[in-house]
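Below sits a lone chain in structure tokens, taken as the form predicted alone.
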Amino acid sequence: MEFSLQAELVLSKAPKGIKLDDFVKSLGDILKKGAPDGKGAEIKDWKVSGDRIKLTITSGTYVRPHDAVFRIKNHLSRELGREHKLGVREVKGKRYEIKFGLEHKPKGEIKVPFAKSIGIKGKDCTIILENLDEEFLQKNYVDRIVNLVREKVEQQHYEGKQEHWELIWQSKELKHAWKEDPSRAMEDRDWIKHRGRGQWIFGPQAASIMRAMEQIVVDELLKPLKFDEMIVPKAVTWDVWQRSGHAKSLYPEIYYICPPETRDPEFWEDVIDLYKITGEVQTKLIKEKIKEPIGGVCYAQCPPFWPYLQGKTVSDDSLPVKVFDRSGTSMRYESGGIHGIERVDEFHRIELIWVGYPDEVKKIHIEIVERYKKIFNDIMEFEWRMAWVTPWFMAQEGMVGVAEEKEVGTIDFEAYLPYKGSRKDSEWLEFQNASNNGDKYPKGFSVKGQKGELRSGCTGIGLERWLAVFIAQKGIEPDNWPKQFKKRLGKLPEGIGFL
């Protein structure tokens, strides 16, 4: 890496009568401190202009100019301040050029905030930044910009889950009851009703099937493995997503929560009166009367659980922690990907979270997978498969190699949907997963164990996905359903009749 910063030190007064040559020469050792021999920063040129010292600082990987300029500021204030009453009021970065290499040649244009230009030739990248204030330099935005460019290039080369997808188990092929779209079949029979973007009303029949599935999870997984129920918030604030790492990328996927400016009825009188006159909700006017988003609706219960442990050292007597939440719906903006109940914006989910020392977390992960196998093979009788994948959030944090060693990553459970075509050519539905998240959450939320570092895992059970797979493979007629499932379900409700 090569750095070159043209900076200005704005002084408290013009340094008249002060010889700065000796001062600049004395900076050599200061700018090399902490770096290997010959690897520190250097002042290439400098001059005094009125109350300003203008200088160009260069370096390689060590003692980067945006760090070196503050060493210079502190040294100048310390050495010249007492005798000459001279200090530095402000540091400015007039122009900053950063050159570095990339792992891959970008496939497309790369853009990042603050950069005046990004030039890329092959795998060589040059970033130009201009007019940088002291906060920008001091808060290390420069290194973050470099990392962001590298991340965006890597993301262009990350081909989705298929690139880090490895089949690890597959059930035998089964004969299925039919080849109809499960959502359309249930909607035609008034089992479900579409009610807005990615949102459904589940009638008595569909609801009873989902509750039976939920009870199977309780009986076959939660109770045997001794998971305790908790209730976590469904309104998630920014500080939670910052610590969990989701704040890096979740913005296109969440439903935002914006509180009103005030509850004062007078403030809202025009909105209320206009509705009474026009019969229309005044959404544009409402937009002017709400505050900035405080966060968003929960789209996975794992992150909002972690503030419960934040900053704590968990007693060994309580490890491993094994909890679950099923207290409310989650929401995720699925854009053009919504289809029936397979991919929805509002969904019902049971989230399991476990925390412990590495061996404990790995053991629970294996136990959960075995429990799922029993449920899907012996009770639901699904045709399905398991694959080891590396989610993008892990790949971008350099965890791909670890995942390939089966320590950190996700097992996806995928089911064949007969109505979509042949097994070979159609896309199978990911209807379940189980993740070993390593130290991502304990580190993010500063959680420790008595004897050392902790790890965690999670698995989310989406009841809509389970229902979609079940009806897609087993059909709408209970006579064709597996005996073990019907035993758990009992009598299917008659439902509501319509004229």
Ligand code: ATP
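This structure is a prediction, so every number in the text was calculated from the model and none was measured. Residue indices: 1-based, along the sequence shown.
FYI, the form predicted together with the named molecule isn't displayed, but the following is about it.
Using a 4.5 Å cutoff between non-hydrogen atoms, Glu430 counts as a contact of the named molecule in the predicted bound form.
Mapping the unseen interface onto this chain, Phe347 counts among the residues with a heavy atom inside 4.5 Å of the named molecule in the predicted bound form.
In the predicted bound form, Glu342 approaches the named molecule with a heavy atom inside 4.5 Å.
A residue is said to contact a partner when one of its heavy atoms sits within 4.5 Å of a partner heavy atom; Arg332 meets this definition for the named molecule in the predicted bound form. Contact with the named molecule in the predicted bound form, judged by any heavy atom within 4.5 Å, is made by just one of Lys474, Arg465, Lys32, Arg64: Arg465.
Between the named molecule and the residues Gly449, Pro442, Gly40, Gly460, the one pair within 4.5 Å by heavy atoms in the predicted bound form involves Gly460.
Screening 53-61, 40-48, 22-30, 430-438 for residues having heavy atoms within 4.5 Å of the named molecule in the predicted bound form returns a single hit, 430-438.
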